[in-house]
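Next comes just one chain, in structure tokens: the form predicted alone.
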Amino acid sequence: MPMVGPETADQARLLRLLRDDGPRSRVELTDLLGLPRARFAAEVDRLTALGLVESAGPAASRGGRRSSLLRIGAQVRFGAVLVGGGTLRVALTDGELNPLARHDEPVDVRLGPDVVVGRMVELLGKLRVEAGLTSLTGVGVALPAPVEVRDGTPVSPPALPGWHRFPVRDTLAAELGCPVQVDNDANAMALGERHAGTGRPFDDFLAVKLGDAVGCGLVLAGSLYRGAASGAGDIGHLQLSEDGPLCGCGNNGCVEAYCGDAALVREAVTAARAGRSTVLADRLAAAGTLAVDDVAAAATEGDPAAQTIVRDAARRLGQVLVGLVSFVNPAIVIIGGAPAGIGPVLLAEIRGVVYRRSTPLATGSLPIVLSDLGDTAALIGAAHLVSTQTYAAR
């Protein structure tokens, strides 16, 4: 059976404190919650009985009687799923969202949601059994797609053909017997960065996610901002040019059509066939096709054509960020999802455009950095999605 959640608002606040900050002493928690000691003790006793909280040994002495540490219970375990870049990633986290186990494998999303979601169920079940659990507390899923968060379904997703309105949340919940939450991968990345990454010290930041789909997660005033219909941050389909390349969404000149993985591969194939890159031409001849990793490897090796492709894409992305930075005025911009090796080239070009064209007030002290969590950010963020539901008062 799925684990019971907190029963009062104070219990929920306590669980979120332990999730976000790790084990804390009873004295610290009593002060932070502003509760009378007797009331605090009663709430902790109830959470302990529910299996949501447990003792973590003695706290450091502050003089007088030593307090004890509290932490999230050891049976609280979340599943996290990330789809994208031709890979299905599944992880298991503890109640503080620390990854405990992980499995990655190739996936072809064109096989359809029944096949891919079925494989999610199998892999989550495998991780659960290996951890000795009878059930998962909850599962969070991050998709490279616009997601209607209220019902957990992707909506007209160019990167997931055939997935429109598939009930990902309800299908997984029925199969796994636990709560499930679904969101797009950029929002999940933003939550992961806020919880455990570069974004942790900041209340206002942008998390830009590259890859097969391009998106942006917005953290404003310390919370993820989704907009009125869960559509905030969908920058991948902002139009940069009316006569630009065809995008997977059916329009021309979208950001994704210039900066997504498929766009980089398209330009690389063109360069190889036009004789502008012997490196890419050799790879194309050997494999019959190119992947984004081929573009990244060629750029890293110093191939001028591949580096030009990367710089052109970064410049387009920088043009979009100029508007976002001026409009939102974030404290930091975090970029994730860049293929291995091309991050520095990408970052230098983006910074050049943004710092040159944005207002001094918006960029005077604005860092633009690469994520140091990689795809782990979105997995942690996916677990965060469902933990927020789990740690809410019933």
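Numbering starts at 1 and runs along the sequence shown. Just so you know, these numbers come straight off a predicted model, no measurement behind them.
What comes next is about the form predicted in complex with another copy of the chain, which is not displayed.
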Within 4.5 Å of another copy of the chain in the predicted complex by heavy atoms, the stretch out of 304 to 312, 133 to 141, 238 to 246, 92 to 100 is 238 to 246
With the cut-off set at 4.5 Å between non-hydrogen atoms, does Arg46 touch another copy of the chain in the predicted complex? no
So in the predicted complex, is another copy of the chain close enough to Leu33 to count as touching (4.5 Å, heavy atoms)? no
Considering only heavy atoms, tell me if Arg226 and another copy of the chain come within 4.5 Å of each other in the predicted complex. yes
Arg357 near another copy of the chain in the predicted complex, any heavy atom under 4.5 Å? yes
Only one of Ala287, Ala74, Leu220, Leu111 has a non-hydrogen atom within 4.5 angstroms of another copy of the chain in the predicted complex; which is it? Leu220
Identify, from the list Pro179, Gly152, Pro146, Gly84, the residue with a heavy atom within 4.5 Å of another copy of the chain in the predicted complex. Pro146
Checked 114 to 140 against another copy of the chain in the predicted complex; residues with a heavy atom within 4.5 Å, sequence order, are none
